[in-house]
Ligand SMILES: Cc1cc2nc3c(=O)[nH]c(=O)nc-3n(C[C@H](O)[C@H](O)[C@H](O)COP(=O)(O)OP(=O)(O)OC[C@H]3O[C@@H](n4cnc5c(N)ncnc54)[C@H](O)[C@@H]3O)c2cc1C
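Let's start with one chain on its own, the form predicted alone, as structure tokens.
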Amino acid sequence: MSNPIYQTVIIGGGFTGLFTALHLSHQHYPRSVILIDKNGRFCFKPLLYEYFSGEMDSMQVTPLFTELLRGSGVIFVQAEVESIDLENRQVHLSSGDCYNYSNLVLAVGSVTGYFDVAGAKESALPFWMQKDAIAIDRHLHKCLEAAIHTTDPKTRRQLLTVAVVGGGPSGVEMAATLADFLPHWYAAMNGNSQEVRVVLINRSEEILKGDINSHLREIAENELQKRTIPIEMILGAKVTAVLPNALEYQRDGQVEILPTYTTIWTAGTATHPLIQNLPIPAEHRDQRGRLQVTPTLQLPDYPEVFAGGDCAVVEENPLPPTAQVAYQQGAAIANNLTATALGDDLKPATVNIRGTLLKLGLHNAAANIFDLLEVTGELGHLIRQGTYLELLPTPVHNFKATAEWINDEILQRYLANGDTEKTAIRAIELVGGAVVGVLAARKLLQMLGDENKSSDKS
């Protein structure tokens, strides 16, 4: 197919790719922009736990790209990229179509890493996209239904045991969420909620080791024991095999078996195959195979190509694979693309880490604000969701999602049993907390913006 030569192609509609496109639209970028993603919906991954648990709906967490990009001038193409020809500046789709580009943005993120563990890819359940949340939901309901109807205690225990592999933030957040709502599901089926088990298995002796959230370890460990059912932790355990009805691991030189029909895999990520297949030499990759980029987020050998998010690492300045990093890199790439088109100088990307957020169960989270204050419990939950809602793309979607969140999360939750004085007062208190959460988020983003502007002027 024929395309104009002056166009920018963005591969991947995650935080980096989508926000690059939206920032280009706001900057009235003088070249056409094409965003390619195999999925029709953007997935706001930090809030995927809320979608999974029913705390938020699909409109809030997985909006359509066509809705987010309406009126932006960005062309959205739902397709799978088969290969990238860096020499000829072409992107080839599995459909046979081909797009030429003057500039390319690689924002494909990463994929689930199974690390050659036997049976993991076939039998473990990943938690990465909306379809994964739906698959786990269906699987768990089937297990609970089967447990209700079995008279064999051993089989019932196996059906009611859920193993979460990986003690990083994803594993901690998943385990905490499951330990709160699974017992309620089972009790609603007239089952004994105390029979439900959630087991967190981690290779290291510490959860959150080496993660940006590591300073929240003690808080997390305490909160994991305060869920509807306490979470069992098996630490220092190397998972060696995943079977349909069991998990095998090694600990202290011994092989042990955990009987379970449910293994949820959050043990790490791997480099995206598209990135692996690029003709980039090893000296321009990190040890995980990710692309090393310059401070301006360009490939050293192909300056017309920008990369950000989980698939890239800035030379000598690795950053955590978080939403706030990808969000800021998207803005930086857009600024440099506009500078390229106008013939201006490019500027190094400035990323500011302003605290961390960790979900620790239903209506519970830990929020580290500007590395100065740690807030936990329900207020931490409100700040966490308020912060992420402020990051939602496009003002219209942000307003709709925030309005629905305040209504569903607070007003309906506390007024459902009747408009008593006590519940009314509690609802008002929480609306105030929600406003605090949103205002804190806005202040955080304002500070990020002000610092980026200051660095641009220097």
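The numbering used is simple: start at 1 and walk along the sequence shown. Please read these numbers as outputs of a predicted model, since none were measured by experiment.
Another form, the form predicted in complex with the named molecule, is not on view; read the next lines as being about it.
- Task: Indicate whether the candidate residues Y6, T296 and E315 are all in contact with the named molecule in the predicted complex, with contact defined as any heavy atom within 4.5 Å.
- Result: No, none of the three is in contact.
Out of 66-74, 24-32, 38-46, 53-61, where are the residues with a heavy atom within 4.5 Å of the named molecule in the predicted complex? The contacting stretch is 38-46.
Q) Pick from A341, C98, L243, A79: which residue has any heavy atom within 4.5 angstroms of the named molecule in the predicted complex? A) When the named molecule is considered in the predicted complex, the option within 4.5 Å is A79.
Sole residue of G236, P321, G289, G119 within 4.5 Å of the named molecule in the predicted complex, by heavy atom | When the named molecule is considered in the predicted complex, the option within 4.5 Å is P321.
Is there a heavy atom of L357 no more than 4.5 Å from a heavy atom of the named molecule in the predicted complex?
Result yes; L357 sits at the interface with the named molecule in the predicted complex.
task = Decide whether Y388 counts as a contact residue for the named molecule in the predicted complex under a heavy atom distance cut-off of 4.5 Å.
result = Residue-level check for Y388: yes, a contact with the named molecule.
- Item | Residue contact check: A107 to the named molecule in the predicted complex, 4.5 Å heavy atom | Yes - in the predicted complex, heavy atoms of A107 and the named molecule come within 4.5 Å of each other.
Contact flag, F127 vs the named molecule in the predicted complex, heavy atom cut 4.5 Å
Residue-level check for F127: yes, a contact with the named molecule.
Item to check | the named molecule in the predicted complex - contacting residues of 208-241, heavy atom within 4.5 Å | outcome: Heavy-atom contacts to the named molecule in the predicted complex: nothing from 208-241.
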